[in-house]
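Here's a solo chain for you in structure tokens, the form predicted alone.
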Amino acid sequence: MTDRVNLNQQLVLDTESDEKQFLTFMMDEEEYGIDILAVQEIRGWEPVTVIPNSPPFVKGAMNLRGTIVPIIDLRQRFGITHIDYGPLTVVIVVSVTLKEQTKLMGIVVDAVSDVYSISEEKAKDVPDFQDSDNAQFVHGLVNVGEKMVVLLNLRKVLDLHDKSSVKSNGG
């Protein structure tokens, strides 16, 4: 009987934990994380249909089982130097709520890294850089072992209609 109580107490403690799971991926030697609950699918890179007059970081769109999914290159979105897509390049298809509407969108990243359970309490605020357009995309910074992971605010990253979050670059 005592074991059962301890097990139940442990279950209560686990459900009260504020840890969330984050899928991490690599870009330019840095590790970024997004809430795993937003991830719908991970696919290898394949050519997409180009959308005329779209921002440079919008690579195009793909047909995912009947749903048209816009594809965003996060390197270009963040102003990171462009590299050619390789065998590790993936598209992470995420579900995000923008302006009270849930949408599927794809983000192109260099490679998927890992899944971590992270307490959002432990995330540190981003240092205040006056001229950084990209600070709004970051939810927080967290240490995982010996490395730092940048937790992203997917809503800000993927809200293409928020003029304050659009970074136009030729990269």
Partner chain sequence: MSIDLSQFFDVFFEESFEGLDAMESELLNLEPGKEDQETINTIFRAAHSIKGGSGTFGFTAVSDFTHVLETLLDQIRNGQRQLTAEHVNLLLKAVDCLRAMLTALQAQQEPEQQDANELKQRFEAILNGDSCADNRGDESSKFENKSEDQMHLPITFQVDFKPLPYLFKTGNEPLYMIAELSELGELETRALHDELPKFKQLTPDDCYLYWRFFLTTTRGEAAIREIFEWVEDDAEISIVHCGGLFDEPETHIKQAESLQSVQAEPALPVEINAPSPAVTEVKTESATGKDARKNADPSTTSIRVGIDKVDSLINMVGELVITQAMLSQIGEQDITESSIAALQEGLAQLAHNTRDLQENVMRIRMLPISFVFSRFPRLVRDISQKLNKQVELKLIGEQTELDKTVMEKLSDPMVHLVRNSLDHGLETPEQRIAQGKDPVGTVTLNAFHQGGNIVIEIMDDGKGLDTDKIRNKAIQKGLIQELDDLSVDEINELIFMPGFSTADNVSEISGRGVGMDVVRKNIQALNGSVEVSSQAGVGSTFTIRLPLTLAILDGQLVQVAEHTYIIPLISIVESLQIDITKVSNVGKGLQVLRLRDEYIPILRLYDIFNHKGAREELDKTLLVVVETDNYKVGILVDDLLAQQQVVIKSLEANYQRVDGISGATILGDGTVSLIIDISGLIKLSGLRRPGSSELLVDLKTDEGVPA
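Just so we're clear, the structure is a prediction, and the values are computed from it rather than from any experiment. Residue numbers count along the first chain shown, from 1.
Note that the form predicted in complex with its partner chain isn't included here; everything after this is about it.
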query: One residue of 104, 26, 115, 141 in contact with its partner chain, assessed in the model of the complex (non-hydrogen atom, 4.5 angstroms); finding: 104
query: Contact assignment for its partner chain in the model of the complex, among 42, 36, 123, 51, heavy atom within 4.5 Å; finding: 51
query: Residue stretch of 28 to 36, 107 to 115, 141 to 149, 61 to 69 approaching its partner chain in the model of the complex, non-hydrogen atom distance within 4.5 Å; finding: 61 to 69
